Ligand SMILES: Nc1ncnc2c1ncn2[C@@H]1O[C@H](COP(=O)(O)OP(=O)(O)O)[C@@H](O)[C@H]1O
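Only one chain is given next, in structure tokens, and it is the form predicted alone.
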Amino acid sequence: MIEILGLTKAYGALPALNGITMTVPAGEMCVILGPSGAGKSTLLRCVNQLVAPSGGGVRVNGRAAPTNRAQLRELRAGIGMIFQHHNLVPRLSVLKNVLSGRLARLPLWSSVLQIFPREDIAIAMAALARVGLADRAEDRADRLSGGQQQRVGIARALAQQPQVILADEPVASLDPKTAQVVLNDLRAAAHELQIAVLCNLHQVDLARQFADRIVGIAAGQIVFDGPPADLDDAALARIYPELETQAA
């Protein structure tokens, strides 16, 4: 579960988030929808403690903000991250890329020598099977298509066995058909594994198709929070005020 209460973030005099309050329970696919510069990426970075909030609070799986490196490592071990760009190691096999999701739970020598326990290999293979790529486990990552590489990124996150997944524009560089496959994998993980998924998107049609809930952000504030069926023209005008201005 993700709990956000009164979250604010400013970069100098520039406000990025202004009083964000929301909860994402286990098993929910929550899509953050909004234009570029709305604060979507900053929100995810605050949740993962990649940037420190200016005010308010974030609790992940009941844990408050960490106060030391050990607590930060423990927090991030329970959070799977999926990025717009795959962030795979091209020369390594698909399986070894997925196994990197286990590193926070393994001793340092294991990653240095690339020797992994059988149990961790089984977990990684199960994650690959979930996204339909178990048969590509021994292939180099750079031999996969862009969509397949993004699905390896999902498998890597799942191999962490996280309670939370944060996905920052995970389909921005994919074609529409592949984007649907990737988002379907994310939604299935949320529902079947009871993972709280917080996913940034800018494509309204995909948000409506795959989200259990949509939170619209404009200028760092929540302007819509509800099921996809309630995302009408009035709500879209609040999320994308520039579109209303252009239409006028």
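Heads up: residue numbers just count along the shown sequence, starting at 1. Bear in mind that the values here come from a model prediction, so they are computed numbers and not experimental data.
Quick note: we don't show the form predicted in complex with the named molecule, though the next part is all about it.
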query: Complete contact of Phe83, Leu88 and Gln150 with the named molecule in the predicted bound form (any heavy atom, 4.5 Å); finding: no
query: Interface segment, criterion being heavy atoms within 4.5 Å of the named molecule in the predicted bound form, picked from 180-188, 62-70, 206-214, 38-46; finding: 38-46
query: Residue contact check: Leu14 to the named molecule in the predicted bound form, 4.5 Å heavy atom; finding: yes
